[in-house]
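Here you'll find one protein chain in two forms, each presented separately as structure tokens under the names structure 1 and structure 2.
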Structure 1
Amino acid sequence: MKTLLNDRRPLVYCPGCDHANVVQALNRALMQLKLSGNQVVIVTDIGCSGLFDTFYNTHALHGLHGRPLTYATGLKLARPELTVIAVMGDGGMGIGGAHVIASCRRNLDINLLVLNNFNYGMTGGQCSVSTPQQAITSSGFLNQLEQPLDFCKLAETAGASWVGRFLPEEKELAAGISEAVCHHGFSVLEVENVCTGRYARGNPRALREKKEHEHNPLFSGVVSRNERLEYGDGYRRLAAEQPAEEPFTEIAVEQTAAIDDRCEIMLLGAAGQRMNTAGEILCFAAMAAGLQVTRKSDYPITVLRGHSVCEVVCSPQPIRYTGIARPDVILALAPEGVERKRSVFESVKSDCLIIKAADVEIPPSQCRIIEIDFQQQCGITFINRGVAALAVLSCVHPVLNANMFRSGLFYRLKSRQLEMALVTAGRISSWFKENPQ
């Protein structure tokens, strides 16, 4: 194959624009490397640089502005044998700068080609992150107030292991692209090109300054201090060393449910009471009886402080709505949880069952209330109230019976935690035999 250029897509750029030279240089580089179209992916975003993927007979992905490196990263990790080339303009570099820095730090074998024409050419010549402060743009004085970014210095500082800067008419551009593609790591190759459609009109010296720049030595090549393991190689090696994940637990329907309609249970506790664990035990128990279940949790970002609320819905029928407004059962186990859901008590149904800890105040209610002093009556600590409350529930409500509860414990807990939960369940059962409700 003599070229990878798409003969049905002419290189249409503004008069005097050198982007077409970059298109040709990239094609020469790929041909020098003897790469075929099905071995290359060109990923672009928005702007003049976003036309690049249409000019070649290769794989292509055209995405959101500033995001081509995110797509390129997924492509390279999934298909490491492909040559992945992301193309961005200076506009995309500003919008997606965090992705550029992350890619530099990561060192995945992607090649980033930056077409820097110092402004948003496609949308009318507004200033970009690389616009010089003295430049005249359609953004008025805004570029005078911000320092322009040096993409190569940024890439080098952020950890890119290959960095280069070229002018579009340089003979060495194709060789530079070829070298960047061969580099096993993240490469950033910037091509400076004055936008003749928008930028050059207000900045006539820019073209001459660019020509003068040709004779200056430019950034090019491996950044030795950033050379390191390529991310994909490291990822695959470490991933292979990880222990195999445990298979999903299959829940056998071995118990019998005693409800024939939807039942909503709200666990109101505090951080450190294992409310989520209690909710999961309840879910496993319900599934062991063939019921459908949903669970939602609500807790703040703090650790061991604040409310912890768990909402569980059990039903013989499919659950279309997972919200709970008027629960059938409330387990009130800590003031934080009660305060979080105080409004629920105002609308609760009269046949609702409330199981509450003796030291927890709840709003006045006409519901059936079972109060228990977990510590004094059963020797159960604060952190075990969730499991203890489920044990109470298994003694007094059809949504959970003793066999279901036992199945839930064995599905969710292991070793020491399981032993402690069984002890807690035993103490509650003994207390209920002596104090029937």
Structure 2
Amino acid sequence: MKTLLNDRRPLVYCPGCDHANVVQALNRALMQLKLSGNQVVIVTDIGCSGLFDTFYNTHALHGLHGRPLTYATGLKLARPELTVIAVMGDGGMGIGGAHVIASCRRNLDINLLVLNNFNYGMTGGQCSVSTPQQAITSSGFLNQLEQPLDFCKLAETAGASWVGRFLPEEKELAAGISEAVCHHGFSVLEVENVCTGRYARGNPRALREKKEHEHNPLFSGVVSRNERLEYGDGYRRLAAEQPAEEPFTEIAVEQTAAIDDRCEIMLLGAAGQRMNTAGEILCFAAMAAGLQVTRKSDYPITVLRGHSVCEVVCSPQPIRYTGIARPDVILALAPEGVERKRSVFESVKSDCLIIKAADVEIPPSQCRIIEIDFQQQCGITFINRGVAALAVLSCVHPVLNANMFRSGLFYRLKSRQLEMALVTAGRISSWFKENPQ
């Protein structure tokens, strides 16, 4: 099998740098696996390890510090047949830690090669997340205060299904890389290097300490407790089971509108009253009569508590401005909503219609007010007030009539919700027959 080394791009590493051995080992591994250059992409970031992609005749993507796993993820999911090898140093492992953890958890078939040389070589030998506390670095005393990170332990804890630690001169390195590449899942292979340019001089014992490690490889392959479905396989299987999204609902115009100008309706309620649903029923109803509509809502981020306000504009003309300053109709259904829009009552138009629940206080006004005790008079519960108030509206205001309302209910609701809404509407309509306004 042909070498994948790029003969036009000779290695540029410092004399004695272990990275050069890893370049050779990766090439041997890819050759052993009989992979051709166009079946492989090498994804790199910043620092000395970031030069890796240039040494090979493969596809290459060189990007931002700590982010190779993000590009690798997109590439692998878009082209599952590619062998994707991400190369990072200890610098990238620190700055891109979130992506390392997420990749371990995901188990997408990417091979992460970590060239750990215990410091930031390219920027002048500052400490990294893996620098020993006793090491001398150009970060002064700072590394004495931070505990070094063990990448293999991290990867195992985070869920990597293959984890290995090697020394660069080991004969087994190429075999290890080859095994990691063959592993169908996320693999992390750490190579402990000594940075001759920046680290070795201040830390002469580093070389000897590294040798001691050699006889104690803590991680050497498949992590059985993390073995599981590969992410891409799982994704494709679950994706295929998802129901197709429904196309847009097209609204047929089968009713006649009775307004010839813009009409603004404000629904003031509380969480749990389905104010938004009510607003949408109104919109569908208006659209069924050929009107144009806009709907905005306002509620706090704690969706189960507090106000719920919905603002609807209906108009035979195109609606431009979507704001409501002086509504034509206010549905006051809970104190939270009224409180939220208290200022609206100050400048309310005299011909505004207010439909209010009996237990809701509103600021005094000269408007026409229809008050209903939903529970006592019609047996309608708190959560159904939105639909009930629309039913009232359909009896008393030209923006909504009974047929439009029915269309709106059928467009917006299904099965049990629809049945309940029809019952609510029926109760309001009977009450109106007995109590004409």
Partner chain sequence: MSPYFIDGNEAIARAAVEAGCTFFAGYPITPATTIFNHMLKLLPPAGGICLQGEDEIASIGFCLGASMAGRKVMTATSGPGLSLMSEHISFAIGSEIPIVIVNVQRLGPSTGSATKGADGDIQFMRWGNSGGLPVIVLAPVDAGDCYRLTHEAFNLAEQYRCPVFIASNKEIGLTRESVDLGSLELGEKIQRKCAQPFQDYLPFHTADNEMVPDFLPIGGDALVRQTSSSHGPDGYLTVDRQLINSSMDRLLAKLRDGGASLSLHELDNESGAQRLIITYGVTGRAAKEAVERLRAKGVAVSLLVLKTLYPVPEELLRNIIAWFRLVIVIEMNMGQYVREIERIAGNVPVLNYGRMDGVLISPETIVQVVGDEDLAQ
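Numbering runs along the sequence of structure 1, starting at 1. Note that the coordinates shown come from a computational prediction; the quantities given were computed from them, not determined experimentally. Here the rigid core means the biggest group of C-alpha atoms that line up within 1.5 Å when the two forms are laid on top of each other.
- Working note: structure 1 is the copy from the form predicted on its own; the remaining copy is not.
- A movement of the C-alpha atom of Arg416 reaching 2 angstroms or beyond is seen between structures 1 and 2 when the two forms are aligned on their rigid core.
- Once the cores line up, the CA of Gly91 ends up less than 2 angstroms apart between structures 1 and 2.
- Treated as two rigid parts, the chain shows its smaller part rotated by 23° relative to the larger one between structures 1 and 2, based on C-alpha superpositions.
- In this core superposition, Lys349 moves its Cα by 16.1 Å between structures 1 and 2.
- If you overlay the core, the Cα of Pro247 moves by 3.2 Å between structures 1 and 2.
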